[in-house]
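Take a look at this one chain, the form predicted on its own, written out in structure tokens.
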Amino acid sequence: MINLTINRLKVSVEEGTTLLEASRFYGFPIPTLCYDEGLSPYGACRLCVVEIGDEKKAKLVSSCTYPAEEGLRVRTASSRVVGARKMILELLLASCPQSKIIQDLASAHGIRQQRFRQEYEDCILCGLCVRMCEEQMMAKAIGFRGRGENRSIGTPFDIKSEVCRLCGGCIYVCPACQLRCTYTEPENAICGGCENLSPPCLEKERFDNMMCYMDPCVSCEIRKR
């Protein structure tokens, strides 16, 4: 067993366990977009970042790909972590402003308006569809192509795949395919229909780390009333 500390709680996990699995097992929620329990971890969306190490030398890592290490100190909801997630969500909103999943995550993190130019690419390159097709459907009908800003997902040479069974698995896991009918202007990009208040302990800068990990936060629910 490997012994580590998550949010000041000393825990033990089996060797090979990732920080995401360990955190969720002990009740600390971490948002993700490119992770699925039935698929191999990829670490593309970076939304699951956590802070590891001592405060002066602490660094952000993707929890879905980082393995638990002996004596490691992990913080899943520090002000630095939450700030990084908000920035990532704003960038994701610029790519897929009508994605229901991204909108709900943005609303839950207290984002009311994204500041970047909307591109309407309808793909965040999370790789869920590629891994679903290869690992669960055993088809490999689609994959990544190109590099950098030209990177995209499709069939080889844009030719209709002969191994695709039209199962719909790629659409089922895609966060960009789950759209919400709403405005597309930047100032109205976030629906807010399922709005959650952001943690007051971080909002008022009283603490560097989140004090409550309940979902929804009890303090936030009281403030609503």
Partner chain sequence: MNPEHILAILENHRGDLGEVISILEDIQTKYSYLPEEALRIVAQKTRRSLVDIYGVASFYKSFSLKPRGKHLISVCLGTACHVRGGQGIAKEFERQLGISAGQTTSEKDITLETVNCLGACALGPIVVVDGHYFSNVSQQRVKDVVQKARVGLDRVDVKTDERLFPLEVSCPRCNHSFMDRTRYIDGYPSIRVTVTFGGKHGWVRLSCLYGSYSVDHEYKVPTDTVVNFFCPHCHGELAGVSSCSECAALMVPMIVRGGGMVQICSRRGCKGHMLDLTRIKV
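Residue numbers count along the first chain shown, from 1. Note that the structure is predicted; figures quoted are calculated from it, not measured.
Just so you know, the form predicted together with the partner chain exists too; it's not on screen, but the next bit is about it.
Contact check for G143: a heavy atom falls within 4.5 Å of the partner chain in the predicted complex.
Remark: R147 counts among the residues lining the partner chain in the predicted complex, judged by a heavy atom distance of 4.5 Å or less. Remark: G38 does not count among the residues lining the partner chain in the predicted complex, judged by a heavy atom distance of 4.5 Å or less. Under a 4.5 angstroms non-hydrogen atom cutoff, the partner chain in the predicted complex lacks L166 among its neighbouring residues.
Segments offered: 153-161, 60-68, 44-52, 22-30. Contacting the partner chain in the predicted complex at heavy atom distances within 4.5 Å is 153-161.
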